Each structure stands twice: as structure tokens, then as C-alpha cells.
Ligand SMILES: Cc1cc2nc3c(=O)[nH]c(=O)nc-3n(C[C@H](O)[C@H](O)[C@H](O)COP(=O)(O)O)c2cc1C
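Take a look at this one chain, the form predicted alone, written out in C-alpha cells.
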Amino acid sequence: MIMGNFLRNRKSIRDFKSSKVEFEKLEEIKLDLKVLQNEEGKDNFAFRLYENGDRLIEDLSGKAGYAGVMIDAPHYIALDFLNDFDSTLIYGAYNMERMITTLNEKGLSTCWISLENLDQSFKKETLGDSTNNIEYILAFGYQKPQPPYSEAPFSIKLGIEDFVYSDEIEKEIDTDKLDAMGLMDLFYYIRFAPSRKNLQPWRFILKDTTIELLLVYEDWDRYQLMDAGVIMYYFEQMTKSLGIVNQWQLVDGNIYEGQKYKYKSIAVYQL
């Protein structure tokens, strides 16, 4: 699975070259953002490109990034939520991951940066009065050369049996069933999808003809919905390689009580 290998090797980059992306490539990115905006964003979310990263670095230093350490990059893309619908958070993140895939195909590296804890008036002053609600920006550019002996930080990934259930919440899946349905590789690779703080909050319930997506509901934060958007994007891309061309359908979001956690239902995928 090409997308599976991409996911396995996908990583956030924190060390970018200071040199700007070539003019022609930036023009391509502007067009890519415009297409995504027109096709998917409309009145729900907007992508805003900040070509001069130096200004944002200066304003956000000590206020955003990892533990207040700003990620220095030559350019940034802001994800601006234009309304407060759950679906906007979900599909905003979904389409930002689409954009990350596009940037990676152009040889560029990326890193999500949270602005959740910043005052709204400060964000407008920094990012522009025309913005509505920017909670995340994406740093992008060329990665600095890495020493040949350097290793990517290790992060533990859930086993398939930990996040895929059979027919009902927390009922262990029979991996032979996944093999027989041709879904073993899909769930193996989907584990490598990024999530906030690497918490991997998504869970799947496999039924006869559908798959239900849920999020662990403990210590609920609405921005976890963005994790749903990310996993939905990669899931759909990977099922295409299996000859299944379908889309997730959002559901009402009922809350279920399990023995381990509470869960919020997000979407259903028809096999």
C-alpha cells in the first residue's frame, strides 16, 4: 500500500531550512489551496498562507509550538474555522491532511502547531483582523539535513486488537476475520496516522457491511474531532487501494459507555 508506506514514514519535522520555497512551487501551493478551498471549504473553513514566516516566528515565539518552543519555518498555512460546527473541525483537519500529502509530494516537510491557548485578540493582531478562529497553523519548508546516525523519536502504537472491535464496543476482533476480509494491512498501517499528543483516540467497530468510527470520550475536548478528520482522510485513501471507493458519513455522535472508556460515535463507512 503506497499510502500505508507514506503513513508509516510520515513524521512531523521541527528543523527546517531558513531558505524559502521556490517562487514557482509557492505559486503551485497557492493554487492547490485555492482548489481545496473552493471544493471543500466554502463557508466552513479557510486556508491562509503566510509566505513571510519570519514575522510569525517573532510574534509567536514563546507562545506557540511544542511546550512554548516555536517551530521556525519559512512559511505557514493557517486553518481558519469559519463556524463552530463539529463537521467543520472534522473536515478542516481532513483537508489539511490532504494538503500535507500534496506538500510532501512536492518534497516539502510539515509540522502542525497549536494556537489553542492564545488569546483571540492576540491571534487577530498576529494573523490578521480578517481571520475568524485559527487554532492551528502548519509549518512547512525544506527539512534541514539530518546526521546519518540520527533516529526518529520512537512512539508506541496501539495493536490492532486495541482499536478495532468486532460488532460492538470493546469486543475483541478476530484477526483471521480481518485477513479474510482483506482489511488486515489497512488497519496495520492506519495505526501510524498522526493524532494530537499521539494519543490515538480513534476506535473502529467492524460489522458485516459497515465500519463505525468512534473517539475515546474521556477528558473530552472538541478539538479531538480533528483526530477524526485525520483518520477519516487516511482511511479513505487506503481503501481506494483495495478497490473500495466510498466516503465516511457523519452520524449524530451518540455517547457509549464501555468497560474501559466512554466513546463518541463519529461516522460510518459502508464496505
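The first residue of the sequence shown is number 1, and the count goes up from there. Fair warning: this is a prediction, and the values are worked out from it, not measured in the lab.
If you look for the form predicted together with the named molecule, you will not find it shown, but the lines that follow are about it.
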Notebook entry, point to check: Can any non-hydrogen atom of residue 192 be found within 4.5 angstroms of the named molecule in the model of the complex?
Noted result: yes
Checklist line | Contact flag, residue 230 vs the named molecule in the model of the complex, heavy atom cut 4.5 Å | finding: yes
Note to self: With a cut-off of 4.5 Å between heavy atoms, is residue 41 one of the residues that contacts the named molecule in the model of the complex?
What the structure shows: no
Item checked: Non-hydrogen atom contact residue 53 with the named molecule in the model of the complex at 4.5 angstroms -> no
Checklist line | All of 111, 157 and 198 within 4.5 Å of the named molecule in the model of the complex, heavy atom check | finding: yes
Item checked: Partner-contacting position among 25, 14, 262, 17 - heavy atom within 4.5 Å of the named molecule in the model of the complex -> 14
Check: Heavy atom within 4.5 Å of the named molecule in the model of the complex: which of 71, 186, 164, 78?
Finding: 71
Item checked: Answer range among 29 to 37, 242 to 250, 220 to 228, 45 to 53 for contact with the named molecule, defined in the model of the complex as heavy atoms within 4.5 Å -> 220 to 228
